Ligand SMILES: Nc1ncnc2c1ncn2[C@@H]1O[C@H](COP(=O)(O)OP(=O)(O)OP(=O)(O)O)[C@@H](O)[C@H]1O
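Just one chain is shown here, as structure tokens, and it is the form predicted on its own.
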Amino acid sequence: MEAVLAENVNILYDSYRAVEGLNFKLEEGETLLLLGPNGAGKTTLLKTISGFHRSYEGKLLIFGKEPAEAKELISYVPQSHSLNEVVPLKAIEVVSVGAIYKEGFFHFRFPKNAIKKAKEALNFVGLKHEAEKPFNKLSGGQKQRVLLARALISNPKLLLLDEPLSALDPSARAEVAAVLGKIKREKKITMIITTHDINPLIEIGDKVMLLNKKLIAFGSPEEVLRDEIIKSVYGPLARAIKVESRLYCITGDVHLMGGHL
């Protein structure tokens, strides 16, 4: 089944077209890596797919539904979390919020079933022993994995991730990338991941989209990550390199440089 179908989609802010002429199809269980320079419209596309931004033209369906009608199928992890870290929430409490958020109400005490699901989600992302630790005392990579656990707890069919590797050191990027690979293998959830650093994620990407307000390229990593395509967006110094069977992408973007050989 098609997880996402876009036909002639223009995303609008008033009369301004932030993204235009978008056509692509993502099958259920596939992972799409969304690449493009700052201001290319990547976050705008995620917000539109998730139903948060509703001003668009064209046909956009999420598992056969319009985005506003498909919210129960989607979990969205933004680039910057909105948690007030002054409030001393424990990791398990942060995750538990995801179990009750879509029910439209909140508790002073979390229900037992929410706590149970939160423990299972934390175990899945490798943080079983950090459940009682304050969220604000966790490392950057651990925080990102807690947010992934919170997104997973409602059993979404589509997971949207905006720059999940941003501002993480190399070891933390590897940890988060490993969890994303585990989600793909074991949970078979469709994912769309925006990233400046595509290299740690190439192995889980079924499709790559290169976006720069318009769709520049869409297809398999081998089809999209070619010198002539990368250079058309990032300039003459950008390169796509293949080492044995693995692709690496080097652009002029400083955020990507940490991922090349």
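All of these numbers come straight from a predicted model, not from anything done at the bench. When you see a residue number, it is the position in the sequence shown, counting from 1.
Just so you know, the form predicted in complex with this ligand exists too; it's not on screen, but the next bit is about it.
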*asked:* Going by heavy atom distances of 4.5 angstroms or less, which of A70, A40, I229, L26 would be at the interface with this ligand in the predicted bound form?
replied: A40
*Although this ligand is absent from this view, report whether T44 comes within 4.5 Å of it in the predicted bound form, heavy atoms only.*
yes
*Answer yes if any heavy atom of H196 is within 4.5 Å of a heavy atom of this ligand in the predicted bound form; otherwise answer no.*
yes
*For E175, is any heavy atom within 4.5 Å of this ligand in the predicted bound form, or not?*
no
*asked:* Since only the chain is shown here, I'm wondering whether A238 would be in contact with this ligand in the predicted bound form (any heavy atom pair within 4.5 Å).
replied: no
*Partner-facing stretch of 218-226, 56-64, 199-207, 32-40, counted where any non-hydrogen atom is within 4.5 angstroms of this ligand in the predicted bound form*: 32-40
*Could you list which residues of 1-27 come within 4.5 Å of this ligand in the predicted bound form, counting heavy atoms only?*
Y13, Y16, A18
